[in-house]
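Shown next as structure tokens: one chain only, the form predicted alone.
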Amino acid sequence: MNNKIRKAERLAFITKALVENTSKIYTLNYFSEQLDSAKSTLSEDVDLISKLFKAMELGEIRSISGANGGIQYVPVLSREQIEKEQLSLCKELMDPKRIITGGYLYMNDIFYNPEALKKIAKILATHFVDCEIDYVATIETKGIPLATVLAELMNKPIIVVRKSARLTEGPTIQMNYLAGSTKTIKTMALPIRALERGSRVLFVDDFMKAGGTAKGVIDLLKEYQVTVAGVGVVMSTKEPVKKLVEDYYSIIELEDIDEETGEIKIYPKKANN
């Protein structure tokens, strides 16, 4: 690039880089080399972008200190934005047409819709933004799209716990666990090479009733000498009140599904759990 790049062009380049690579840390040296501009000038540009993002509630531009420091874009939501998305999700899921025989809700259209998933993932990313993690983990199958979008927002690799070992993934650790909702014994497996020992992991899933799956994943990850730094789910049930996992975050809470009347009771879940 030439050395006559205008301010508007610098702002566009910096903004594009930050937004397209959420949570990635960029040094001012990088932008200085790319734009052939003084770091003092670029610092002013970043400050302007940061103020605009804050005013428009588009997330935060954060400064990271230290040898590996720089700037990064974190797509966090305001409290008002989260409440709006929670209510919108509840409204969408309370459609009686979603009721499936047996007291279940059809949710596949949401978990396979990129736009809907990104909104949900941003809520989780906001809640866990200050939780230092190395991986985002989930269990197949509906949790995979959610974890993938969240991992991209947080700039972390994804780990998928399988329901059975796969030959193509090499040696695995398998564990039996008690599914809290059905009281049945199930199996989960994770390749030995899936993650580094001593890492910190965020586990996310689409649904939690008694918490048996989440507890099973936590117990499995202990075999890898890692720390489960957080557990996040899209929807949890009001009952049972006491889950097998005590510390978790849920976006919305399901109280009841009445198949006879078609009434579905779902509410935003406050972030105090």
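Note that residue numbering follows the sequence shown and begins at 1. What you are looking at is a predicted structure, and each value in this text was computed from that prediction instead of being measured.
The same protein has a further form, the form predicted in complex with another copy of the chain, not shown here; the description that follows concerns it.
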query	finding
Contact test in the model of the complex: Glu85 vs another copy of the chain, heavy atoms, 4.5 Å	no
is_contact(Glu80, another copy of the chain) in the model of the complex, heavy atom dist at most 4.5 Å	no
In the model of the complex, Ile144 touching another copy of the chain (heavy atom, 4.5 Å)	yes
Contact test in the model of the complex: Asp134 vs another copy of the chain, heavy atoms, 4.5 Å	no
Sole residue of Thr126, Gln72, Thr148, Ser199 within 4.5 Å of another copy of the chain in the model of the complex, by heavy atom	Thr148
Region of this chain that lies against another copy of the chain in the model of the complex, out of 44-52, 244-252, 215-223, 228-236 [heavy atom, 4.5 Å]	44-52
Contacts with another copy of the chain in the model of the complex - residues in 185-205 whose heavy atoms fall within 4.5 Å	Pro191, Arg193, Ala194
